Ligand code: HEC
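One chain comes next, on its own, written out as structure tokens in the form predicted alone.
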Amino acid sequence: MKRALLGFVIAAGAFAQPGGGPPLRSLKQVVVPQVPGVERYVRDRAALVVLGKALFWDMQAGSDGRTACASCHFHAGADHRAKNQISDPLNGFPVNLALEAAMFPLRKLADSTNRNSTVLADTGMRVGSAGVYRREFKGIVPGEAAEAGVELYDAQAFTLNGLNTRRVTGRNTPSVINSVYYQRGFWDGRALQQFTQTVRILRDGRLENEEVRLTNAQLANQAVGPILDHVEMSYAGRSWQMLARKMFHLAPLGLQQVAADDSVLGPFARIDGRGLVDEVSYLRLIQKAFAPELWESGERDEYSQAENNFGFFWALALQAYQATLISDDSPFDRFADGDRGALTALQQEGLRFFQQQGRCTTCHSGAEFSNAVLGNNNRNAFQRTGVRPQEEDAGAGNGSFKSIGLRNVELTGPYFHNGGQATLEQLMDFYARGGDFANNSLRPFAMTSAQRAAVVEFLKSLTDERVRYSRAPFDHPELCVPIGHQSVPGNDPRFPRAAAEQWAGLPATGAFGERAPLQTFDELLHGIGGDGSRSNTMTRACTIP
């Protein structure tokens, strides 16, 4: 049965697309992609998720013993820091800069609706994520999270009064929530759908090499990048085997509190201290999650079988955990499933503009609000939208970048691969003027202030309240993140050229989440929420030793 509503046609919970692309619909109607054939290697998927969540949030994984995957994905799956987050591979830039609202958008026009109007300010800087110091790996220290390393002289852009600072990535950090649906990982799609890795496997009492090929595994491909990257998490030269050896001798999440009601880790949380109970170790979790022929051999060269296969364990565990991060209970989902009161009249007006005049569904369609998802046959999956000139960053080629999903977009600013827009309102202006530079994807359209407000309100209807309040499955262990430097040396005698750091703490949350909602990036820039009305405000002290 079809019913007309505000110019849309609703059929079986889906919205026909005037702008093209698969129909908008509830994410509850979409099956989470599976990895065919993974059961050959994985024997306990629940244990695999436990392993993946522990590894994702464990600060001990970074070479400095203080950097986790979550250090760049702690806020609605994205990054929320505002100091020492700037890089620019082509030009100089101010080190340790504290971002302010007046700096955005990074390209300012006299008329925000006309990309050909006078340019008031422009920069090729990118708002990325602070990673690690530039150091060369020299080995692990048994029982210690921090690895042995040698300081390397860094580029002037990452030095403060002659002291090294944490390096910053060259692109803005996208959210990991709902990332299991993508065809390819990263902004430029370099993490392909097929994951290929050689493992050491026990066959008839002998260790042999076996090449594993798994599809729908772009998250596994993406997971193996940052952990050994010398900007993001690792000292230069660290290997999978040395990372494994370190982690096998550390208590999982040993520096961090874990909530007793954590939706995944709670049953193993140490009630009277940090980390997980003594009975749980990374090697034991691997043994529970993976087939014995991947770890049980006593034969070894320089490394054990489990150490040699650690990259494989890491990849599949992180993919399994991230596949649980599905935000399918937003007001829009409830509206699409038939709850007519789930969206306000203003949000419904915004939905109509989103589909019709704005033609936003040309690139942001389907339940995922992205054309870069599995099964979409690459139609408008990567587009050149004129965020920056293509010679600054070729992306997937010719300056094209992935069509990122819009769910929870209210909470994941700043926006685009360069982090150049701070607010949803600035996003609306960008699209209305047809982008900032020459492109083959956008055309300008007229948009009144009332229509802009309606679309912004509609985009807010894509926020899942479980994400907003860090409730299961988006709950997490305690975490501390670096939020900039001071112009004096730090207190680590091993690294006298490292600038002292400032830190912010995030408390452990359990299945019921936080009392206060997450702060938006715009609220962070304006200091809103420090009174306790928002969480993740970057003002809480870090209590991790």
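Owing to the predicted nature of the structure, the values given are computational and were not obtained by experimental measurement. The first residue of the sequence shown is number 1, and the count goes up from there.
The same protein also exists as the form predicted in complex with the ligand; that form is not shown, yet it is the one meant from here on.
Contact annotation: of the candidates 473, 254, 435, 358, the single residue with a non-hydrogen atom within 4.5 angstroms of the ligand in the predicted bound form is 358. Put simply, of 499, 506, 50, 68 only one has a heavy atom within 4.5 Å of the ligand in the predicted bound form, and it is 68.
Taking the partner from elsewhere, residue 72 is found to have a heavy atom lying within 4.5 Å of the ligand in the predicted bound form.
Residue 469 falls outside the set of residues with a heavy atom inside 4.5 Å of the ligand in the predicted bound form. Under a 4.5 angstroms non-hydrogen atom cutoff, the ligand in the predicted bound form has residue 441 among its neighbouring residues. The shortest heavy atom separation between residue 138 and the ligand in the predicted bound form exceeds 4.5 Å. Highlighted residues 265, 310 and 313: none comes within 4.5 Å of the ligand in the predicted bound form, counting any heavy atom.
Contact with the ligand in the predicted bound form, defined as any heavy atom within 4.5 Å, is confined among 333-341, 186-194, 299-307, 201-209 to 186-194. For the stretch 342-372, the set of residues having any non-hydrogen atom within 4.5 angstroms of the ligand in the predicted bound form comprises 354, 358, 359, 360, 362, 363, 364, in sequence order.
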